[in-house]
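Below you'll find only one chain, the form predicted on its own, shown as structure tokens.
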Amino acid sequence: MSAASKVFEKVRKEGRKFLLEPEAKAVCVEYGIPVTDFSLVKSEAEALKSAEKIGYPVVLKIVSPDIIHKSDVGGVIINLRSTSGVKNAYKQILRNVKKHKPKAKIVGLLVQEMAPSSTEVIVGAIKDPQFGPAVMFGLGGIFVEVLKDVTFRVAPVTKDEAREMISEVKAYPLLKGYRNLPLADIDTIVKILLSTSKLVMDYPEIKELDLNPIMVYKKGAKTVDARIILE
């Protein structure tokens, strides 16, 4: 059984409807989707050790089967640049969660690399009742939230379709290095779209998948947040 299959099996056995972020990122890694370095920790000492290993700056996030939207409960602190910053953030997140979700089961905290800023894109998937799994692409930030600048293809997606998806969004010129923006690695985005397509075809129980934001660089990319919801 593959590592991804073990994750989905565990989630099913526990009666959960979504993967914890470290589980979602582990699945991404198996499918060749690039993610930020990360580590699940259970204590402040482990958090400090992981932060040193990953390298500053880092991000701390709560990991709980009872919390989907971490920011809503103060469960995310970014841009931590020192051991004292990590110590304070570790305690603060636990305090925040206890205040907002006192009965939440806490699995641990996620220590992850703070990805350097760059052009943000979103890759996602939804299960359409009529057509089955469909893959989505768009530019992140305001382009998704305000302009709804996204495009879809029914899975499985071919390499040509992936390239079409990228070129179809209105904000495509930004990926080509518009003005002072860096040129984005289109080949890597294509690979992420193809990997996402394969993932949702392999696991038809996936209802929603959200990789957002993905920081795309001149060479390579890093998925900052990964969310997978099951039927």
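Numbers follow the displayed sequence, beginning with 1. On a predicted model such as this, the values are computed, not experimentally measured, just so you know.
The form predicted in complex with a small molecule is left out here; the points below concern that form.
Interface residue remark: Ile78 is counted as part of the site for the small molecule in the predicted complex, having a heavy atom within 4.5 Å. Remark: Pro213 counts among the residues lining the small molecule in the predicted complex, judged by a heavy atom distance of 4.5 Å or less. When contacts are judged by a 4.5 Å heavy atom cut-off, Lys53 does not count as touching the small molecule in the predicted complex. Contact between Gln112 and the small molecule in the predicted complex is found at the 4.5 Å heavy atom cutoff. Shown alone, this chain has one stretch from 163 to 171, 44 to 52, 61 to 69, 188 to 196 that lies within 4.5 Å of the small molecule in the predicted complex by heavy atoms: 61 to 69.
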